[in-house]
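Heads up, the chain below is alone and in the form predicted alone; it's given as structure tokens.
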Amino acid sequence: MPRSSSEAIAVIGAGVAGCALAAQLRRLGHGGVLSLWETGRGPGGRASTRRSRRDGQLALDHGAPLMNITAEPAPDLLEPLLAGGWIEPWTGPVAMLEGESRLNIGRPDALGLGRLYRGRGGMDQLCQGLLHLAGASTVDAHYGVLVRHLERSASGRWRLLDAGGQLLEETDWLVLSGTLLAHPRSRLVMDWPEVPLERAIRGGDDLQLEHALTTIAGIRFEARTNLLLVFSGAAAEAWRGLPFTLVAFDAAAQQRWGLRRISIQPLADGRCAVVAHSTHVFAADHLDVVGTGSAAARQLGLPLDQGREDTVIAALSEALSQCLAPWIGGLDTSQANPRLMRWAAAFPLAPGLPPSLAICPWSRVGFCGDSIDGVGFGRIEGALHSAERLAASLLTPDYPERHVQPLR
């Protein structure tokens, strides 16, 4: 029996990688306590869908609009997700905006290469499907909870604490499916005095984990600021009648308009949701502006400024109106309930964390996510692969068993 099959594992981050790790651990026979911690309202991360209790027809993919698989073998979890009806092939029309106004129908960007899939009924169904494969009742999921501090107990177990220092959980293994608690950007974006994991291991003797943290600190991320719109009536019909549902921008168009991608999402009731993704340059210039509707922002204690948000919304709305004027003139976004969503670390830039550093057995720490080097780096494909590799490493370790020492 694998040595780790009954040990408790806490996974911080319920994005694709965190949910995929839970699914693969259970599929490979892990029977121990498995907990999932997420600051957002539910699973999904950058593959989330915005829904509303007051509006049952609203389903707006405000992050990744789809996933693509570019290499073989595909992730092991792909077929079970398809068989369960959680995801489906996507064959919508794509286009590339070149320069200021030339539309090249059928030309994809990197996101449109390979086999394309989307969540059935919303991208959040991808993570819902992964948790279903894990056996949702066997995963202790905590949403709307910020893990702010990490520390080791006298016995060497990991302790997860909230912002007030109250104990949330004690566990054998700690897995970070994102880099926030391990990356220096936490000091910049969150105004934290120290990187939580770095502080927790200070005085220890795990050179491999120190190497991993040094490597993670060198990973750069591109931000995105996304404009969310929902059109109805004649305006929705105009959007639904366009010859594309996903349009990317080439380098010249990005520089001209400050936009990277537009995702058009027809809703079942005749309305049409539109998500305009900014360029990383635009997002970097407005990194301090967080959408006032962000639950994660409130959990993280980020400052919310409605006036600044309105200014950014106006700038993105103007760019959207002008760049699509030849195809959808007279665009009025004021009636489309405009909202803003900021992704401070939307896309990691190579090189990422080598897979050899994704598990640090001496300290019982693991890493997964799209920032791990390998096939699909920076995309959902990479998040799935990294989670599957880590699950296998946790349950079939090829390292010698060692007594875990508490950090001094």
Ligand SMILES: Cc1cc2nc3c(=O)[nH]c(=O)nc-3n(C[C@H](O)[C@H](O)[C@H](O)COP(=O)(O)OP(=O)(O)OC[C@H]3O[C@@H](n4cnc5c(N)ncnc54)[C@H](O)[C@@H]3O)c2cc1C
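Residue numbers run from 1 along the displayed sequence. All of these numbers come straight from a predicted model, not from anything done at the bench.
Just so you know, the form predicted in complex with the named molecule exists too; it's not on screen, but the next bit is about it.
Across the options 357 to 365, 49 to 57, 22 to 30, 343 to 351, residues that bring heavy atoms within 4.5 Å of the named molecule in the predicted bound form belong to 343 to 351. Although the partner is absent here, residue 265 lies well away from the named molecule in the predicted bound form, with no heavy atom inside 4.5 Å.
When contacts are judged by a 4.5 Å heavy atom cut-off, residue 34 does not count as touching the named molecule in the predicted bound form. The named molecule is not shown here, but in the predicted bound form it comes within 4.5 Å of a heavy atom of residue 12. The named molecule in the predicted bound form is not approached by residue 132, whose heavy atoms all lie more than 4.5 angstroms from it. Of the residues in 229 to 267, only 261 comes within 4.5 Å of the named molecule in the predicted bound form through at least one heavy atom.
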